[in-house]
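Only one chain is included here, represented as structure tokens and corresponding to the form predicted alone.
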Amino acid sequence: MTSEHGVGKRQRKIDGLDKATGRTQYADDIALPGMLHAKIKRSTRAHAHILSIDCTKALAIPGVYAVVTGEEMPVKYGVIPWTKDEYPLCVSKVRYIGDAVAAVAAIDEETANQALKAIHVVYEDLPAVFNPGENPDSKVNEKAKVDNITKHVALTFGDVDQALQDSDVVVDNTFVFSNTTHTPIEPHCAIGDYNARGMLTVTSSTQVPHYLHRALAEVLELPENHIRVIQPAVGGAFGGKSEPFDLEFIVAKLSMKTGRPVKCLYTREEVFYAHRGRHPMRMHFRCGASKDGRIKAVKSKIDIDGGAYASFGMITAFYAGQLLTGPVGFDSYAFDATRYYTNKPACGPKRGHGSVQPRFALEVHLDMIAEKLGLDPIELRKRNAVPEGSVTVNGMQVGSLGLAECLDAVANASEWYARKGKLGFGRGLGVASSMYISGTNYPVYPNEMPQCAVQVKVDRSGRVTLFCGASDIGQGSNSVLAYIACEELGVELDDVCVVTSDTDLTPVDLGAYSSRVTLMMGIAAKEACREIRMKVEVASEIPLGPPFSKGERQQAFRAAEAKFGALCATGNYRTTPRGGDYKGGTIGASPAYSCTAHIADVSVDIDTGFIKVNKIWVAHDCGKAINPILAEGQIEGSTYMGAAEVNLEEMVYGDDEVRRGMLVGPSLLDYRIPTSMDTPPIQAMIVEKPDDNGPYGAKEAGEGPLHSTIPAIANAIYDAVGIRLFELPFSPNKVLRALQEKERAH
């Protein structure tokens, strides 16, 4: 049974018209009666004890209703249960320039800002740490047991050292990935509303309402059933809103103190301080291969700059190694990854969390190995492809994996074999591939409950309503729910209502992270819709197929309600055990793995060092495209973000005596991202290799297509002018320096 708006059709998003016409309400569009405005006092010191906070003058300002400091919320929080190390407002110590110290609720933002200036904080400076391993005697975060280390992971699979010794070709280089951030259009915003019955409602531009709900209960010491979290439309997130933030606790506490709703909207500068973006990494890789092109060994040592708080850092340390073992496989593998605390804004998950940085290193090394062996880089990757239905060297169970199909698609579209190495000095082609998870196999906190549930209600009028806690952050998950209802129940898109991301109205979903939503929510929705479908077909004695008219469908629904009562059903997604049988073996385990291949066409101006990306071809194996338009949009968006990190994006910190540890230029004027004028043409191609673990065979499409963008461009630069660049971003001065070094070597 299908409708014209079912699975696999090219069609509109259900919220597209409202967004295009400005009807959609985001968090900052919401104004409640009597609402106050909150602002946050932030540290001017990178590392210091707080000796005193004097709020007397601030409270005396007309229009100021309340001030809150860290002593009023002394419970630590953190999205990972084992690494809770953060207070909503600093208690006794600040750990980076921009750390939250106090907050004010006032009649308007201007008054709140005036009150912030009136709060007097006395600090006692402490030695600061700005680089991993630096000044280990100065403890950034008390959660670190030794040397400011958040997490150290060292895992070995096979005799790597012997395999390297036996290799015919070995490449050995150090790679550096800089600090980048998400830059969503919408800043963080939250509204707290504590009513006279003791019920707290927090409306937030979060992408994890469930985890926020849990954290609010813990920190504010309120019963979970006295808290409601609502996620309105979100204006971009990319991982940057995938954990609780200070403002959400602050608006809740200030509302509890004042008895009035309180809103806090970050300035753009505060978004940069809140950050949680891409971790800077220094990565030393050694890779070996036999003369027939078999990858014998990969060994890495990775130092990760995590900033002042743990965030998802424990997972980051694992992901830096665990997610690298496909789609190109190895005979043996070892990685040693250490995530450090430093006195800078905390890093966390940015699109493609954890494996974008090491993927850059590995894929450049694959290109170098291919050159040394005289092999085409595409052929090298095909020879080492992880077989479908196999287990990787580190124990990850792989289902479908369309590496060969993706490589063939980009090779044909770009005319690789006719053009590679033949474009003349200054222009070249480069290829790279990658693999990514379709959801983490296990929730962030251990439990036996479903990771996602969907409730479906069919009204006798023919209206279908789906309730799900999943977070639509622009990727179109609300629309995916509607397409599945159309596919399973034969209804039209306009007959479907989707209710999501409200902890009072919807069953739990763990949020939009790790590309989990389509797979897990899709399975739950399909299960619930099929239960309804079964009842309708039994009652009407006719399959709900295309012959049904809208009126006949309505009669069938009424017959089913007459026979069974109210037409409601629930579907769930439950975790199945996966991963390697060793400590940490489940981190990186996923129900399904997507696969991507990129080819980049790049020009390099040898006089200026300027890199121009002429075009990028990208093929992505998403299993089954629920809506090809949405899948292509995700592929293009991911590729755009990867290309932006190649030669534009970098968070820079002052290194002189006055500005050391200070984020330089925390604004969209200074932090450069590509405009539409800077973005290269991107040709997105969908490869469908259905996976049995996904709904209709679907796998992820939102994060995987980012990873191989960066090394494809790096490899194209080598093809263009014969230089290898190992440190991102590839700024013009780095290009010129590498060209000069090449000239001196000759």
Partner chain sequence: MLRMQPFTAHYPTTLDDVTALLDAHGASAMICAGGTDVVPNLKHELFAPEHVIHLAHVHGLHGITEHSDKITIGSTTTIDAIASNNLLQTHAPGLCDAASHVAGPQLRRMGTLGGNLCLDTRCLYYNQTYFWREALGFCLKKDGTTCHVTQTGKRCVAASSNDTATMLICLDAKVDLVAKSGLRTLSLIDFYKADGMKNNVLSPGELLLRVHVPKADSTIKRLEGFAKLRHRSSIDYPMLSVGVRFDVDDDLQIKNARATLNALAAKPKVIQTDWLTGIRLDEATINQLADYTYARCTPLTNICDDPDWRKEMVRVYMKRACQNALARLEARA
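What you see is a predicted model, and the numbers here were worked out from it, not measured in a lab. Residue numbers count along the first chain shown, from 1.
Not pictured, yet referred to below: the form predicted in complex with the partner chain.
Inset, instruction - Report the residue, out of 534, 668, 391, 185, that has at least one non-hydrogen atom within 4.5 angstroms of the partner chain in the predicted bound form. - result: Selected residue: 668.
Inset, instruction - Heavy atom within 4.5 Å of the partner chain in the predicted bound form: which of 526, 139, 282, 672 fits that? Just give me the one. - result: None of the other options qualify; the answer is 672.
Inset, instruction - Decide if the three candidate residues 110, 605 and 662 all line the partner chain in the predicted bound form, where lining means a heavy atom within 4.5 Å. - result: Yes.
Inset, instruction - Answer yes if any heavy atom of residue 291 is within 4.5 Å of a heavy atom of the partner chain in the predicted bound form; otherwise answer no. - result: Contact with the partner chain, no.
Legend entry - Residue contact check: residue 269 to the partner chain in the predicted bound form, 4.5 Å heavy atom: Answer yes; at least one heavy atom of residue 269 falls within 4.5 Å of the partner chain in the predicted bound form.
Inset, instruction - Using the partner position in the predicted bound form, report whether residue 733 sits within 4.5 Å of the partner chain, counting heavy atoms only. - result: So residue 733 counts as contacting the partner chain.
Legend entry - 4.5 Å heavy atom contact, residue 194 and the partner chain in the predicted bound form: Taking the distances in the predicted bound form, the answer for residue 194 is no, it never comes within 4.5 Å of the partner chain.
Legend entry - Which of 102-110, 145-153, 403-411, 300-308 lines the interface with the partner chain in the predicted bound form (heavy atom within 4.5 Å): Among the candidates, contact is made by 102-110.
Inset, instruction - Heavy atoms within 4.5 Å of the partner chain in the predicted bound form is the criterion; list the residues of 69-103 that meet it. - result: 97, 98, in sequence order.
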